[in-house]
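One chain comes next, on its own, written out as structure tokens in the form predicted alone.
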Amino acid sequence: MNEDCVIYKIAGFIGKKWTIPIILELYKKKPKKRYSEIKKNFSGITPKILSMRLKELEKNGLVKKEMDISSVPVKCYYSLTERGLDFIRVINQIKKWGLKWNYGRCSSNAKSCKNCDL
């Protein structure tokens, strides 16, 4: 496959470990989350990888970082952009496909997944 292909580029980006779970975590409940709130919901991710993925998501326009400089220490909040929210629909379609074809050994009558809140 050609490296200039859009599918090749997107697969390389979203295929990185933790990328989709981070997007899903930012989609859940609160519209803005601090780094520590995101981190506490993942066991096994290192601070370096979480920081790296958040920077990549920000660079690709799926996540925005806001800084609250009114307090010390400065607080940073992460949230999904319009592009990030639009990508949730793509993730939801992947989920529907997985449930339809029983990917991951889900029960054959499963209509949703309690783990991703979609």
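All residue numbers are counted from 1 along the displayed sequence. Please read all numbers here as calculations on a predicted model, not as lab measurements.
The same protein has a further form, the form predicted together with the DNA, not shown here; the description that follows concerns it.
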| query | finding |
| --- | --- |
| Non-hydrogen atom contact S36 with the DNA in the predicted bound form at 4.5 angstroms | yes |
| Distance check, R53 to the DNA in the predicted bound form, heavy atom within 4.5 Å | yes |
| Any non-hydrogen atom of R83 within 4.5 angstroms of the DNA in the predicted bound form | no |
| Residue contact check: K32 to the DNA in the predicted bound form, 4.5 Å heavy atom | no |
| Partner-contacting position among T46, Q93, N41, S79 - heavy atom within 4.5 Å of the DNA in the predicted bound form | T46 |
| Members of 60-96 lying within 4.5 angstroms of the DNA, judged by heavy atom, in the predicted bound form | K65, P73, V74, K75, C76, Y78 |
